[in-house]
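The chain below stands alone and is given as structure tokens, in the form predicted alone.
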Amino acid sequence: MSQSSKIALALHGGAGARKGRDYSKADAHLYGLAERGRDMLAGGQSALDTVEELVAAMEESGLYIAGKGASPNNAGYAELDASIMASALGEDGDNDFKRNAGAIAAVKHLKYPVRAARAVMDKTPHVMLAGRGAENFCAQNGFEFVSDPEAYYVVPVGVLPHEMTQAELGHGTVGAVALDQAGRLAAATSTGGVFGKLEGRVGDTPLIGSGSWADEFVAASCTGLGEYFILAGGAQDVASRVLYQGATLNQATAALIKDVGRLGGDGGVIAVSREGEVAFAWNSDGMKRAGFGPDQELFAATF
């Protein structure tokens, strides 16, 4: 296994933040999570375990449009999506590597979608499970479902209650990407989807390559109007620009978001490289975000 003394982390709590609204609770929460992630990585924990743990914490916080803060679909209930992916170089470097991924889509009232995505990766020969089959898999593996949706779900930070069912007003996703001491990269993404979405709608979040990607060079996680990220190539597009075009990580993330905007969408992306670079790009008013790298002090911000 290739060894690295560098660690890096980036988090997002969703793009689509609006000027004039207060995101201070989310900023403080993300800063605390970034500190937690730094401690995990510095203590030798894997990038995969770190991104899973931090995304699960965002799901349970109710501060973001994911997990406890998910919005209902047009049938009146929360459908959740998540994905996770990890990659590592072997002893022979670029000629010896492995990738693994898992995802769930359109699962009703699941408390920790990212943990279920990890279970799909670890316990099945598949990459994605969806709908009723995914729900059955989660139940069989002991994952907790929300028993009282009216009492459980909350309105996330920066959103007004009446906006949660208005399709044109918003979207949200949470995600994390990390580089660990062993040089391994991982990404995880989770969402409740766009406001007022059609029942059964699936965006980019659970699609490996669109919502999440982690190869031997780059890990990325996207947030925004998922249809446009699918059309623009999503998270894997960032890695391809770095590998095939020789783009820097900042150039690659900015180019993806420019393409998303050109197609008519908005959102953001976070990424880390195996060299420890950290990059953030978005075209909405703001993106709730945090992170650190070898050459970047830990921070959290929305605008």
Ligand code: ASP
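When you see a residue number, it is the position in the sequence shown, counting from 1. Please read all numbers here as calculations on a predicted model, not as lab measurements.
Although not depicted, the form predicted in complex with the named molecule is the subject of the following passage.
For the residues Val194, Ala186, Leu80, Val120, the 4.5 Å heavy atom test against the named molecule in the predicted bound form is passed only by Val194. Distance criterion of 4.5 Å from any heavy atom to the named molecule in the predicted bound form singles out Leu225 from the list Ala101, Leu225, Ala106, Leu89.
At a distance threshold of 4.5 angstroms between non-hydrogen atoms, Arg201 is in contact with the named molecule in the predicted bound form. When contacts are judged by a 4.5 Å heavy atom cut-off, Gly172 counts as touching the named molecule in the predicted bound form. For Ser221, no non-hydrogen atom is located within 4.5 Å of the named molecule in the predicted bound form, even though that partner is not displayed. This chain is displayed without the named molecule, yet in the predicted bound form the stretch 172-180 from 111-119, 146-154, 124-132, 172-180 comes within 4.5 Å of it by heavy atoms. Contacts between 125-148 and the named molecule, taken as any heavy atom within 4.5 Å in the predicted bound form, involve no residue at all.
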